[in-house]
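As structure tokens, one chain now follows by itself in the form predicted on its own.
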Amino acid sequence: MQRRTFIQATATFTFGAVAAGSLPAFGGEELRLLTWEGYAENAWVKNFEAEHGVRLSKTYVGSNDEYMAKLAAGGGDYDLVVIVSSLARRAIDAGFVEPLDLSQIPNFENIFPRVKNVPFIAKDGQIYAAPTFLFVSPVTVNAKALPEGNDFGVLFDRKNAGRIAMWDDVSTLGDVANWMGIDDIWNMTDDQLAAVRAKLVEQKPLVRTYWSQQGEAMDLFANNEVIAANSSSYITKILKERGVPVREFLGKPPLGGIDSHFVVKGSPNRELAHRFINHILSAESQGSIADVTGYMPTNPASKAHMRPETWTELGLDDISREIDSMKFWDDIPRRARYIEVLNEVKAA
């Protein structure tokens, strides 16, 4: 889906010590990626395709749980998959993905230390994923309708009845629990889950819809159907570029997550998949990702490859502090119960 035009990076990317002229030919091959909409844009994909003579085939999902369903149904349709931090451990334990060969991904060493060492990408001393997209979980609001205030409670304000949207994802339970002051939001007790459920059921008459695809949330704002939603920075950024008057704010403490690239177990294009991961971790690609999506880069050297205003808008001078204070989306031991609770809310 074409949304805007950016100046695409034209630099030739170098993979470690391997010179471009010695790269093996991959001409005619297809690299198959399962990912989110907005995660495989031309600004950092076309140059990889041109350099290697390959085509990146993209399949988009609408929820985090859809990833697991597609992989469980048979991962042979994909070579690479982008998985959120809350499902990374499950994908590893289920055998859907395989360990990375970091000798083929030299740019892995250049990413932020805390991000590089998060526990959910490793098992038994092996690294399974490359953290690529660092994101926060904000509330997006129409700046004209709601010019002031930075309280998550705007999503529960009766004055906004019928003009609120909520994400159809279990992370919404974490968002609400965080606002309610619950500390261990990804491993809530039955009583805590019941309290979150009650709060969401109470809110339901105010909710216009539960959105799934990011494009759906954008259309709701662009058509003036909603004025507030728990959202993503990508949604806020693209809406601003379309001229929709929106702003965003974070919860306290801020919630965020990491989406990482994994190689699907048994991929016949393993070497090419590693080259793509190295490419997307490069400072050049990470700079483009920040410019295009509004997600925070995982490679700090990307500052030299993004627009200065992007660095400022994302508050990247304080990125280390942001990362240190952030509650990352993590494994949900009782994920099935969380899904049940969300479905109970929608059915209420």
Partner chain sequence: MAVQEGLTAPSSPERTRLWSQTGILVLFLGPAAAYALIFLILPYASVFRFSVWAVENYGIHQELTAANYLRIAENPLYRAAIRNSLLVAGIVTTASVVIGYALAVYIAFFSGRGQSALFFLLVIPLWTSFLLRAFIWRMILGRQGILNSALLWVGVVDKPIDVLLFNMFSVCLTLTYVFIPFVALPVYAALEKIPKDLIEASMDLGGSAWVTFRRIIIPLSLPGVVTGAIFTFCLSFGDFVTPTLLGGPDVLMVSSVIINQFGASFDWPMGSALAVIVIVIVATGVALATQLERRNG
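Fair warning: this is a prediction, and the values are worked out from it, not measured in the lab. Numbering follows the first chain given and starts at 1.
Just so you know, the form predicted in complex with its partner chain exists too; it's not on screen, but the next bit is about it.
Visitor: Evaluate Asn223 for contact with its partner chain in the predicted complex, applying a 4.5 angstroms cut-off between non-hydrogen atoms, and reply yes or no.
Guide: The answer is yes: Asn223 has a heavy atom within 4.5 Å of its partner chain.
Visitor: In the predicted complex, does Leu316 have a heavy atom within 4.5 Å of its partner chain?
Guide: No - in the predicted complex, heavy atoms of Leu316 and its partner chain never come within 4.5 Å of each other.
Visitor: Report yes if any heavy atom of Phe112 sits within 4.5 Å of a heavy atom of its partner chain in the predicted complex; otherwise report no.
Guide: The answer is no: Phe112 has no heavy atom within 4.5 Å of its partner chain.
Visitor: Flag Val207 as yes or no: does it have a non-hydrogen atom within 4.5 angstroms of any non-hydrogen atom of its partner chain in the predicted complex?
Guide: Yes, Val207 is a contact residue.
Visitor: Would you mind picking the one in Gly153, Gly76, Gly162, Pro147 that has a heavy atom within 4.5 Å of its partner chain in the predicted complex?
Guide: Of Gly153, Gly76, Gly162, Pro147, the residue with a heavy atom within 4.5 Å of its partner chain in the predicted complex is Gly162.
Visitor: Its partner chain isn't shown here, but in the predicted complex which of Glu37, Glu51, Asp65, Glu29 has a heavy atom within 4.5 Å of it?
Guide: When its partner chain is considered in the predicted complex, the option within 4.5 Å is Asp65.
Visitor: Does its partner chain, in the predicted complex, lie within 4.5 angstroms of each residue among Gln104, Lys116 and Arg270, using heavy atoms as the measure?
Guide: No residue of the spot touches its partner chain in the predicted complex.
Visitor: Would you mind picking out the stretch of 232-240, 199-207, 247-255, 272-280 that comes within 4.5 angstroms of its partner chain in the predicted complex, counting non-hydrogen atoms?
Guide: It is 199-207 that comes within 4.5 Å of the partner.
Visitor: With its partner chain taken in the predicted complex, which residues across 229-248 come within 4.5 angstroms through any non-hydrogen atom?
Guide: Read in sequence order, no residue approaches its partner chain (within 4.5 Å, in the predicted complex).
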